[in-house]
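Take a look at this single chain, the form predicted alone, given in structure tokens.
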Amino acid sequence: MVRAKRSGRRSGKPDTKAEILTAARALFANEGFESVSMRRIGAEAGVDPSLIHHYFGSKDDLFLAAIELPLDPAPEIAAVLKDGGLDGAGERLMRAFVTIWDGPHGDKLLAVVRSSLSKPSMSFVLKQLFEHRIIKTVNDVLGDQVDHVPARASFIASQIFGLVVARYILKLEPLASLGVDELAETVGPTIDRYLTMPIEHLVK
């Protein structure tokens, strides 16, 4: 006896996880993190949204998996900012940042950055990561001490991403050979300046 083929959304199968990731990447790249719901991703992948939670947990976790980021920067940023508040925050941020990049996830992080430099859709997704995970985290921790966090964060991003390109891609010396403490002590004060300098004239 031949069973009738079931219609409707699929239950889990070996390629379901990959199909969810494919759908999520396309939607995040085209419409942005905030605009896309788990239900929408499930519909695009042809699966029940509960399967997305089963495989990935939260929407944040799915986003990180979709862009193949090996770790979530938000908890680390929150921890270093809470440890001492605004005073010396720049040096602590740089020390944590360089430690991560010099660690076992460095190659994967570098692959993400290289991809963002060559693919417009990936650049957009990385921008969403910065806005949703990093700016939001800085605002949550320091929002009562620092004004215009998104504007200040953009200047901090220029310093951090510039450092990534110069140290890890171009390998400019002596920047490429400096240790974690040396970099934190050198670049940290610049981050502090971005966090505390008058910025009203730059904000429209």
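Residues carry their position along the shown sequence, with the first being 1. Fair warning: this is a prediction, and the values are worked out from it, not measured in the lab.
If you look for the form predicted in complex with another copy of the chain, you will not find it shown, but the lines that follow are about it.
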- Note on the structure: Counting only non-hydrogen atoms, the one stretch of 168-176, 39-47, 65-73, 136-144 within 4.5 angstroms of another copy of the chain in the predicted bound form is 168-176
- Can any non-hydrogen atom of K119 be found within 4.5 angstroms of another copy of the chain in the predicted bound form? yes
- Query: Heavy atom to heavy atom, is T22 within 4.5 Å of another copy of the chain in the predicted bound form?
  - Reply: no
- Query: How about A29: is it within 4.5 Å of another copy of the chain in the predicted bound form, going by heavy atoms?
  - Reply: no
- Query: With the partner left out of view, is F161 within 4.5 angstroms of another copy of the chain in the predicted bound form by any non-hydrogen atom?
  - Reply: yes
- Note on the structure: The one option of L126, L86, V80, L109 with any heavy atom within 4.5 Å of another copy of the chain in the predicted bound form is L126
- Taking another copy of the chain in the predicted bound form and a 4.5 Å non-hydrogen atom cutoff, the residues of 171-190 making contact are K171, L172, E173, P174, L175, L178, E182, L183, E185, T186, V187, P189, T190
